[in-house]
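Heads up, the chain below is alone and in the form predicted on its own; it's given as structure tokens.
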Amino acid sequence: MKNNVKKINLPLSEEEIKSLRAGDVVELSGEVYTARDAAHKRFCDALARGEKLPIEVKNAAIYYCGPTPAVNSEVIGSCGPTTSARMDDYTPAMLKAGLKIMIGKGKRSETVNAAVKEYGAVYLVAIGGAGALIKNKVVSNVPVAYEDLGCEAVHKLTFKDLQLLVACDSNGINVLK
């Protein structure tokens, strides 16, 4: 299976995003922001007010994750994916603002699938319950926004070779239906 893995380095160009197909296994390296429900609500409230977001979402990747604190000399604690459907109400606005890659677990709504196609984005899935393994792919962890949210604060993570599955591609094809 290793031969079928596509290596991708963030940020991705429009052509690279379009080349990803539902069902592809990718090995992702680069900077990704974490954000869960509370941060997404704040992002979308700010967008609705015409305010600048605390992170640059244009061409960015967001991992639906609330990492636990690092222990000893670790870069990060457990950082497994959270259920992506909890962000579905916020996703179209985030994609309209320029977000290109979402990483989480589970199915997305038809509205999100349509928005992924409309805005030329991609939804990648990680294995739920694998947070203790995923943390080993994080080489840098910097809190960047909403630290008052605790584990739901926004962090900038740098991943090296995180294996994911393309669940919904920029053509709107979804393997999780």
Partner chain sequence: MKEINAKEITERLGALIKNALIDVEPATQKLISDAAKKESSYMCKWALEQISENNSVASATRSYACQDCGQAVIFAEVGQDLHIKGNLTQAINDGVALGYADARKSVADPLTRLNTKTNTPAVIHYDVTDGDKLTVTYLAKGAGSENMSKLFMLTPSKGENGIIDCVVQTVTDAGANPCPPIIIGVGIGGTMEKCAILSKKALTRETGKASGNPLCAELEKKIYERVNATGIGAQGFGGDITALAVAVESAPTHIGMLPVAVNIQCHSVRHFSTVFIAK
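Numbering follows the first chain given and starts at 1. The structure displayed is predicted, hence computed values, not measured ones.
We do not show the form predicted together with its partner chain, though everything after this point is about it.
- Contact with its partner chain, judged by heavy atoms within 4.5 Å in the predicted bound form, is confined among 40 to 48, 54 to 62, 125 to 133, 138 to 146 to 125 to 133.
- Among residues of the shown chain, L164 is one whose heavy atoms approach its partner chain to within 4.5 Å in the predicted bound form.
- T68 belongs to the set of residues with a heavy atom inside 4.5 Å of its partner chain in the predicted bound form.
- Within this chain, P92 is remote from the site of its partner chain in the predicted bound form, having no heavy atom within 4.5 Å.
- Contact annotation: K6 falls outside 4.5 Å of its partner chain in the predicted bound form, judged by heavy atom distances.
- For the candidate spot formed by L20, K156 and I173, no residue has a non-hydrogen atom within 4.5 angstroms of its partner chain in the predicted bound form.
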